[in-house]
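Starting off, we have a lone chain in the form predicted on its own, written out as structure tokens.
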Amino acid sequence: MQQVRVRFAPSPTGYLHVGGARTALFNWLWARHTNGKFLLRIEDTDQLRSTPEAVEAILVGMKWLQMEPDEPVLFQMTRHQEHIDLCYELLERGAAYADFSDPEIENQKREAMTKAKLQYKFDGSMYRSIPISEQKKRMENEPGNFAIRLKIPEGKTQWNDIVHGSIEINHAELDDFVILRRDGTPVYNLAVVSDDHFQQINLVLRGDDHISNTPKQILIYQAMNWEVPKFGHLPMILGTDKVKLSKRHGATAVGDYQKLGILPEAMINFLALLGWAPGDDTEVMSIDELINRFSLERINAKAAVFDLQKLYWLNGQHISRTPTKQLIDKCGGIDQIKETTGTSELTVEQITKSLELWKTRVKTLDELISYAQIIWKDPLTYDQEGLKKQFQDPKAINRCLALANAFEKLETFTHESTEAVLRKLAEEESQASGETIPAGRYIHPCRLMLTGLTVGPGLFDLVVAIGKEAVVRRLRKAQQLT
């Protein structure tokens, strides 16, 4: 069986956006699933709009998503001469011809037909039949005064699209399209075919905005008697309002999500579900699971919806499943965490335990570090609704102070010893008052004084992580609430 060879071919005129990343991912997953090859080609022929910064953004984004190519990156401009040579070879074969028409006259025709609400088509009949020898002679005599156009034969072009099924285009709908401009530069469709053939690409999986390009590219393949690859066109991505995804729906650059604290594994998981489904209710999948389960048959032809809340949910799921040591690395390492949070005195063990406590309750890496600091630093603010609810009972302050005193006397400060102290205090108060005092009357105000929050990890895990001295200090601040 022929080895699968796929590619991702972005234009470096901007950042690596979500749609491009999804296209790259589907190609990459299929290459990995089939033990094929995934290639990256930078289509930089638009020299006016292509920038080194955009190239760098694409390469960095691909590396962050762990989708590095199996062969060296190909920059399209390095094959510029080969693209030109292909145009002239098509001319020699009689599959193309030189167009010596006056551009201004053709523009006037186009404008007139547009006003009449008619479709403009270039009439190349007067140039098609000129013998190749005469075309060459005139081309030599009139440099810069001609373009080269592909001859569109009669009939139709049909292909079995992997996503959309059979697609058929009648050639009567197509112009004899330009393959080499008057300034000597090849057009996109010509360069793409040249490069895909050179790189032995046998499956072209790309966005469905390219469907209109496909019959033109197939015609070039056929004119050269080259093997035509399979084609598949992915549906567009919409916002939750069912409008094409744009910046108003949130960040559209992959790099922005990295800065927002999204894990690459979560982003890959999320992108994979934009137009593809595993066939069951599974949503949270590792990269290996995605590779094993990915199939072209399950790509949906309908537009996918980008739901930012689902991305955050998936990210939270991946954070909770990631070993804490790996999370530390993804946050830049211990030294970076210390520098960011201004906690140079912390030990590796303290940081690790803190992240471990919070990682099942956050949605981003930024949140993880933010909440972990609650353990390292005394709260500056307290949940106002929580204060009203927990401290409307005047005894709540005394309970916090009683806990502070009891905790301070403990020789061993563990989950078990601190829980035993709290429950003993609740029991003693129950006996003294003659009513049942649940442990929650101590737990909830205690949590609020320790963290400033009304929810979080188990209280006794928090108490141990914060440490006896800080716990006692924070609990005694309850006196200031009077």
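Just so it is clear, the model here is predicted, and its values are computed rather than measured. Numbering starts at 1 and follows the sequence shown.
There is another form of the same protein, the form predicted in complex with ligand GLU; it is not shown, and what comes next is about it.
Contact with ligand GLU in the predicted bound form, judged as any non-hydrogen atom within 4.5 angstroms, is confined among 407-415, 219-227, 135-143, 186-194 to 186-194. Ligand GLU is not shown here, and in the predicted bound form it never comes within 4.5 Å of any heavy atom of Val471. When ligand GLU is considered in the predicted bound form, Arg321 lies well away from it, no heavy atom lying within 4.5 Å. None of the heavy atoms of Leu16 is located within 4.5 Å of ligand GLU in the predicted bound form.
Though the partner is left out of this view, His210 does reach within 4.5 Å of ligand GLU in the predicted bound form, counting heavy atoms only. Comment: ligand GLU is not present in this chain, but in the predicted bound form one of Lys363, Arg79, Arg149, Arg206 has a heavy atom within 4.5 Å of it, namely Arg206.
Residues of 157-182 that come within 4.5 Å of ligand GLU in the predicted bound form, judged by any heavy atom, do not exist; none qualify.
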